[in-house]
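A lone chain, given as structure tokens: the form predicted alone.
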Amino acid sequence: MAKVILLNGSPHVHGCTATALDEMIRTFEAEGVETELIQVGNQAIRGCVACGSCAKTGKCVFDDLVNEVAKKFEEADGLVVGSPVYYASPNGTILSFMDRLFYSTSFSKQMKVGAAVVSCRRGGNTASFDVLNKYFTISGMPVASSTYWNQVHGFTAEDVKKDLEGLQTMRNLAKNMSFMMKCFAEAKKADIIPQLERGAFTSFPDGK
């Protein structure tokens, strides 16, 4: 069975972002996909300090939720990252979490399916959406799309429940993501996943 982890980057456990993710969870379960929702936004997550310890130990020097999720992320087939919009960007907690999660983990993320979900009252959604997708596209993770950009609108959870197109977008996103995870699982069994080149690392000042 495929498994997807969903991260709620909002400090509100039952807020707008959670409402969008809950809509996805119901669809995932109907599609036979195992889910785990992890609350990140109300945790004390500090940013990366570029100490380099993770290159030696394989985990972040700050032993908190990041290291706990890293183990689950390695075993999962997909990752959904949800965030509210703060000043036309994802909130600081989820950004610090994602920086450390992706930088401190050395396991291959190739063909794990990624999806970003954003919630906003009015604007800043597409800018936030673009920021979150960068984590996937630098890591060999196919990005799941929907029938609109992956966003919901509202100032409260009750508002989001009235955003019928936004909720429809979440359901379609979960359906597309389920399909992708199942297909990639079969491709891995058939050993037809692309073999990627590694090793080149250009430092632009000297070309080495």
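Worth saying up front: this structure is predicted, and the values here are computed from it rather than measured. In this text, residue numbers run from 1 along the sequence as written.
The same protein also has a form predicted in complex with a small molecule, omitted here; what follows describes it.
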(message) Going by heavy atom distances of 4.5 angstroms or less, which of 113, 120, 101, 94 would be at the interface with the small molecule in the predicted complex?
(response) 120
(request) Work out which of the listed stretches, 30 to 38, 141 to 149, 167 to 175, 154 to 162, brings a heavy atom within 4.5 angstroms of the small molecule in the predicted complex. (result) 154 to 162
(request) Consider residue 84 of the chain shown here, and say whether it contacts the small molecule in the predicted complex, taking contact as heavy atoms within 4.5 Å. (result) yes
(request) State yes or no: in the predicted complex, is some non-hydrogen atom of residue 88 no more than 4.5 angstroms from a non-hydrogen atom of the small molecule? (result) yes
(message) Can you work out whether residue 24 and the small molecule are in contact in the predicted complex, taking contact to mean some heavy atom pair no more than 4.5 Å apart?
(response) no
